[in-house]
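In the block that follows, a single chain appears as structure tokens, in the form predicted alone.
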Amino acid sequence: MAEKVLMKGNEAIAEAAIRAGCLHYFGYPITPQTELAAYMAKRMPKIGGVFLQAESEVAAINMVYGVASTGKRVMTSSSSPGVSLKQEGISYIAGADLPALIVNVQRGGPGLGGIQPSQSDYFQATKGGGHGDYHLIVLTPSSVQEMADLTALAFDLADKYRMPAMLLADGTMGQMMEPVVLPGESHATVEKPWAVTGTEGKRKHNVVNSLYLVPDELEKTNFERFERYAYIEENEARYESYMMEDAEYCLVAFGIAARVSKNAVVALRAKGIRAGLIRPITVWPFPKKPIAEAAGKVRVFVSVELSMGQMIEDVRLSENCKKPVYLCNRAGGKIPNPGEIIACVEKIAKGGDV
């Protein structure tokens, strides 16, 4: 039986990335994810890997772009303001169809905001935060175990679909400590005939590029890319369903908000209110089907968020105006407690507004 170790969420990401075959990390320190970079700084030199603290977030993401073009597994991590600075580079990586991992351990905003946990980068992550038409595969852990497991999955999905993936965690997930079973080391190699690795005179030169000066060519690549995105939406959406079999009130939440919501569901059922939870594990692709199916059974949806209401838009799109959708939220680094969620649902059940 695999041994459990006590780890902080940020450190679990770092160790899982190394075990997934990532030997290249480029970043810049920012709270609340600095432990991830510190862990990489300590471990990479010992295993023949590369750790480089760049002069800025802009430099770090462009270093990721360079290594990704060679087909090597590579990652960067930051928190909300730092990820904003990386957006141009992320768009370039997406436009060049390159796999890479970006970790965002979110903090409150806008601006410098604060260092407490938040989920207010949802729009940026799921709608393509940089310029142009593109998506990232976005995974949202709700435990330290998932911080590790979803890191390995993110690398696999990025390689499979030749696109960047993002681990979208909130600051609580990065800072909390829990027992975790670390994934085994991955020695699987993915064929990457597109990589810029030198030809040895055996093949034509590969060119990695996101610049298309001929409109027809750019349009063609965009349509082809979105055919791939459509396949991903159909086949890679992940979620957890909790006590939804007979639920009348469906909570939708991810990350730390989902953990709090689970406690609220149990307490509400003890009060005779049939609540359940749909927890998105991927927020792009968003799990539209289970929410659409729930819309035929439940009375209302409640989107529980650490933001002013961002995921709620995807909930509404998914349930297609069949049932009311309410927002139960905290912002600015505050986390709703189970009592607040319970009060919100009870008020809705009595016919009140929230």
Partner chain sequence: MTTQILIAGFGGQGVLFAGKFLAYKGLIEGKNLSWLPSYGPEMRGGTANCSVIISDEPVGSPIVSEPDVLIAMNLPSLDKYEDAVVPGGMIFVDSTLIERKVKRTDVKVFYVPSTKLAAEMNAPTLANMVMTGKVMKECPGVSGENIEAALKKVVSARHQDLLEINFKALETGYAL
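Bear in mind the structure is a predicted one, so any value in this text is a computation, not a measurement. Residue numbers count along the first chain shown, from 1.
Only in words, not in the display: the form predicted in complex with its partner chain, which the text now covers.
Contact with its partner chain, judged by heavy atoms within 4.5 Å in the predicted complex, is confined among 209-217, 272-280, 253-261, 154-162 to 253-261.
Checking 177, 190, 196, 267 for any heavy atom within 4.5 Å of its partner chain in the predicted complex turns up a single hit: 177. The partner is absent here; in the predicted complex, the one residue of 116, 91, 145, 84 having a heavy atom within 4.5 Å of its partner chain is 116.
Proximity of residue 4 to its partner chain in the predicted complex: non-hydrogen atoms within 4.5 Å are present.
Of the heavy atoms in residue 335, some are within 4.5 Å of its partner chain in the predicted complex. Its partner chain is not drawn, but in the predicted complex it has no heavy atom within 4.5 Å of residue 78. By the criterion of a heavy atom within 4.5 Å, residue 126 is excluded from the residues contacting its partner chain in the predicted complex. The partner is not shown here, and in the predicted complex the stretch 129-151 never reaches within 4.5 angstroms of its partner chain through any heavy atom.
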